[in-house]
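Below you'll find only one chain, the form predicted on its own, shown as structure tokens.
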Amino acid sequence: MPRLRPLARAMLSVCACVVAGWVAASDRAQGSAARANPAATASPAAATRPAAQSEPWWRHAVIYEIYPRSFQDSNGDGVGDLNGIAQRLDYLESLGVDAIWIAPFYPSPQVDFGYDISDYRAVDPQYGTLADFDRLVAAAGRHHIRVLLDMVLNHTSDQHPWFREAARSRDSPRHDFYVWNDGRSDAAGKHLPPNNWVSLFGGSAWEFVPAVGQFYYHMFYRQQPDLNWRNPKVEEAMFAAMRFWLDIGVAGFRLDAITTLFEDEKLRDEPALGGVNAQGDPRLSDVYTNNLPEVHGVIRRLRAMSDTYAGERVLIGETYVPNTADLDPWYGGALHNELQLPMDTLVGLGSKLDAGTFRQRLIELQTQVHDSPPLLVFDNHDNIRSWDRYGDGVHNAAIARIVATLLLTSGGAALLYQGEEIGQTTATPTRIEDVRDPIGITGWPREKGRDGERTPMQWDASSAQAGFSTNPRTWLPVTANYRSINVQSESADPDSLLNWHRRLIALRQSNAALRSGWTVMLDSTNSSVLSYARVGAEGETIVVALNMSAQPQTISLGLGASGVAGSRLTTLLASPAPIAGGAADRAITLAPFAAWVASLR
């Protein structure tokens, strides 16, 4: 048992996230055999490192998001591709990641850069071939890295054969694959949408198709018609597409916009909230278009299907929710039978470095989700980078180390987005003619789009393309600071942000307290410093203290009062200056925006 007093122990929630195995790749035949008889053969996602006890690998995983257009271009066309990812597996292994999540690379008209899919069972030629993907999975396995795919279940492209058939005739077998309505007419006979729903990307969420005399619903772009999940054939077809990739050997999926699969059957108007959004449309509630209860039935059936595959396949959800407790149903509550890792966007996707807020969110994760492991997210391809959101313009490098430390030591799984580990910055376009993201084009200047967080990965200073491509015209321009912010230069600097991430990940992998320990809040009334202990089952303890203020702070951890035993602290990591170890009960002074990790004995 951990060295905790009985009362403290009773109040704590176990974060069970121990080291398990990594991926071994295989081919379709092995995957099919695993599905047919999961117990009879090794899975394509079977572990190649010894598992610790029986905990699944994903409970503690470091997952690295790759935006394939911007990661590595292998053929000089200015766009990243699958072979480019394969070229960088040595780097990913050296970083220590357990899995990569690859944003969509399926055939697509690229209206939403791959999130408008026209074929769920193939690779877009600009990214490579299915054979390239097979080789990538195999190579990733040799580097002990699992491969996760982005799966878009809410909508297809309007160029998908299903929709092209659906839009030709109401009698088409595919017509009911999508959400259609006759709409209304005004006094002059003009066709009007059936309700006030607006697209997240601007304008009405309904598009009229004269050939069928109906409107179709699209929560996103008009080129992304929503699927009708009330039709069982849609579920059958989409599950079959996912089985195709599971058979190849992927370790699971990140499910895009998963909360939006269903809409109100009565098509009632959304309540108005007042004012307008960045697109100039009325601000509306989403009570009738998001998080409807029917989606949970789909997720439970999807989980049951994925669980028939050996190798601990994982389902990750894009789950933007207003409160921590709202994540619990996405896990399946006490039954744990839905998503293994709904994304927690509440902890990390804010913009205020506030110790009290982070403390409260972490406590909620221990007490409100039935001991499920969180998946913390500070960066992704849809949000301004954390360097810019949390940075103050002066101490950004130190603040980035605080963010990394919180992400990688607070328990559960962690998501890194390409470039986050080197301090890549957001490069928002300053002119509308430079914008590539359609949401930036339609919303300019209030909404400038997401190009800024999608610029090419900065590998080295060898050329203006930063090692990303040999083509001088990359699909988005490389950020000008690539000369100082790049993988090559930071790898050579022991004090770089990249090496800070590497040391944190290595510590996380080697230390039982960080893998599977209880989280105990320390000095819990301090408004400037977030401190906590991770206490392992055998009593090993790691202490973390993060000064989230621009002033030096002297703290008393109060370990004994928190029920954590130990007499001496030994510094493991410290930024921006060394912090001496010593007696555990002494006062400790932290520099402005200091991050400190220590072992307690």
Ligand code: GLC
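This structure is a prediction, so every number in the text was calculated from the model and none was measured. One rule holds for the numbers: they count along the sequence shown, beginning at 1.
Separately, the form predicted in complex with ligand GLC exists; it is not shown, and the next lines address it.
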Among the candidates R222, H381, H336, R503, the residue which, in the predicted bound form, approaches ligand GLC to within 4.5 Å (heavy atoms): H381
Interface residue in the predicted bound form among R450, R515, H175, R389, criterion: non-hydrogen atom within 4.5 angstroms of ligand GLC: R450
Location of ligand GLC contact in the predicted bound form, chosen stretch of 270 to 278, 79 to 87, 111 to 119, 285 to 293 [non-hydrogen atom, 4.5 Å]: 111 to 119
Interface membership of Y309, ligand GLC in the predicted bound form, 4.5 Å heavy atom rule: no
Contact flag, D124 vs ligand GLC in the predicted bound form, heavy atom cut 4.5 Å: no
Touches ligand GLC in the predicted bound form: Y417 (any heavy atom, 4.5 Å): no
D158: touches ligand GLC in the predicted bound form, heavy atom cutoff 4.5 angstroms: no
Triple contact flag F105, R142 and R313 to ligand GLC in the predicted bound form, non-hydrogen atom at 4.5 angstroms: no
